[in-house]
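Take a look at this single chain in structure tokens; it is the form predicted on its own.
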């Protein structure tokens, strides 16, 4: 489905991604684990194409120069130069770190914003599906998103991404700042999304323990480089990985 090879990203002279290659097949959940500043968000911005918008904005305001190298293909078609909205139309949808909802808009309005590429029928069916997966949102539809708890905001953010009809859903640190109870809710929801909608998912996280049980394959990043990869069990069997990323 998605294949990225030799991804390199420079912010001026700082190397943010160093020759990263990653694959995600159809109906797979892929984990990407690493400490803060390992390059996980840069990877997600590069896969979604948002890095290209950042390059343009920095150039217009005379800021730091961003350089991107490498190749990304989706369903065997090269999308390396496609703008983010065109990648979204092909099915790559990012749910960003820290949710980034519109705080003054209601939950329902935030969800509808995500459906701008969907037909009316798709939007209605997906809204029903989102409220089935995230049932607590049913009572919060008319509440301003800024007044939700962190867990409720994360459910709304993933719901908004689903409204965009993704084939590949990118979840950038969806467990950040959540209680263990909400972490469990989000992970169970991710499993249901894959099982019910057959959507491929790439999920990044600093702390791997809640995520590893649901992934098909995982990569570990340090300082912008991929240092290890394998199945969840293979990573769990590595004592250094267990200590650094699983808290055991």
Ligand code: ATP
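Positions refer to the first chain, counted from 1. Quantities reported herein were computed from a predicted structural model and do not represent experimental measurements.
Keep in mind that the form predicted together with the ligand is not shown, yet the notes after this line are about it.
Screening 190-198, 209-217, 23-31, 40-48 for residues having heavy atoms within 4.5 Å of the ligand in the model of the complex returns a single hit, 40-48.
Not one of 5, 18 and 71 comes within 4.5 Å of the ligand in the model of the complex, counting any heavy atom. Within 4.5 Å of any heavy atom of the ligand in the model of the complex lies no heavy atom of residue 109. Using a 4.5 Å cutoff between non-hydrogen atoms, residue 55 does not count as a contact of the ligand in the model of the complex.
Looking at residue 64, you'd find a heavy atom of it within 4.5 angstroms of the ligand in the model of the complex.
At the 4.5 Å threshold, heavy atoms of residue 35 reach the ligand in the model of the complex. Taking the ligand as positioned in the model of the complex, the only residue of 83-101 that brings a heavy atom within 4.5 Å of it is 97.
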